[in-house]
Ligand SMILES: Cc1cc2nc3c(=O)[nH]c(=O)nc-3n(C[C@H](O)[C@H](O)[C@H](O)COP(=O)(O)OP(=O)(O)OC[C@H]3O[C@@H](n4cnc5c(N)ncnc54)[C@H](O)[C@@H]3O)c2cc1C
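Next up is one chain by itself, shown in structure tokens, the form predicted alone.
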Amino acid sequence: MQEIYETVVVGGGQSALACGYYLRRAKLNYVMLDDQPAPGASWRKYWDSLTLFSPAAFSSLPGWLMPESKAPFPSREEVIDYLTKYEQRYEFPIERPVQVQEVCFRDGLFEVRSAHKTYLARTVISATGTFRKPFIPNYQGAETFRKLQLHSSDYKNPEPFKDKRVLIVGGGNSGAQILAEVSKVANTTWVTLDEVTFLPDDVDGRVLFDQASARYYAMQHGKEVNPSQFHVGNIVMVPAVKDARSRGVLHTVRPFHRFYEDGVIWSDGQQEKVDAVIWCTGFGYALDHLDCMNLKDQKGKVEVEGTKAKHQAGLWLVGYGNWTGFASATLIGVGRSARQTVAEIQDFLKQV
């Protein structure tokens, strides 16, 4: 007879690993399904120079601290190495590459289907993140633009843009960091919906997490929160961004009106030739594998209570953003959501 797992975890990134840590401690019979050929998940696909915003000691998964970095913030390669060794340390039962095509619920069990195998489980944790759902806004004339367009998820390094005219679109940290290095080799314009704000130089991800935590717990206990107690800003001044500021390139303009064949048309009607557009415009939620259960709303979310799906017993979602647990899309924050999720799964399994 086919094995029935107590839990199947869909995903192999940081959120899945944090869940795996607590599933292992709970001694549940589980398997993790990762669609990537090697550990590291989306970190293997990020651009070469990407770093964390926090020191290593404040960027760790539950149970094992990330080793100290050679630089103020861990590099992409150091994060991949840490995630790889974390897997090895705890000997998680991970199968890869397994691309989960759909998760359905029939006759009291979840059927987790890939191209070559169907896994049966009493509960499922969806931990697929957002990287496979890049978002590009719909601009008029985009289909007529004859030059290069790519999302930040496909960006690797600035070399292909040397001596070109490049628009970098998006007001988050990815936009700031990619602008910082592309501007060294290309003529760049940073396009954002609104004027961006920069955090003080001494504020990193650790400080932001501590402040966000304080605000979160104050709200949880019904206390009044004074926004002036918290730093206002959204761009972390990592070394590369500080360097861009010193070169005078760290400024933004408002969005263009539309594309034409060789460039863009600005709101004042001026045409400008452009060689490439890099979209740093974020991601949606990689939840297509749940379509069989018809749970997603118009924004692509699944209604949850904490991390537990509200309209499908036995399903939990971890790591997609604050709507699936406070700071659950961060290395330091996902442990809390993972611990609570596994505790709820244990209680659920006692009742079925």
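Throughout, we count residues from 1 along the sequence that is shown. Remember, predicted model here, so these are calculated numbers, not experimental data.
Keep in mind that the form predicted in complex with this ligand is missing from the display, and what follows is about it.
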Problem set entry | Residue (of 53, 285, 326, 30) lying close to this ligand in the predicted bound form, criterion heavy atoms within 4.5 Å | 53
For this session: Check, residue by residue, if 41, 47 and 128 all come within 4.5 Å of this ligand in the predicted bound form, counting heavy atoms only.
Result: yes
Exercise. Just to confirm, residue 174 within 4.5 Å of this ligand in the predicted bound form by heavy atoms?
Worked result: yes
Exercise. Taking 4.5 angstroms as the cut-off for heavy atoms, does residue 335 touch this ligand in the predicted bound form?
Worked result: no
Exercise. Using 4.5 Å between non-hydrogen atoms, is residue 36 touching this ligand in the predicted bound form?
Worked result: yes
Exercise. Is the gap between residue 20 and this ligand in the predicted bound form 4.5 Å or less for some heavy atom pair?
Worked result: no
Seminar exercise, completed: In contact with this ligand in the predicted bound form (heavy atoms, 4.5 Å), from 245 to 253, 131 to 139, 263 to 271, 188 to 196, is stretch 131 to 139
Problem set entry | Residues of stretch 75 to 108 in contact with this ligand in the predicted bound form (4.5 Å, non-hydrogen atom) | 98, 99, 100
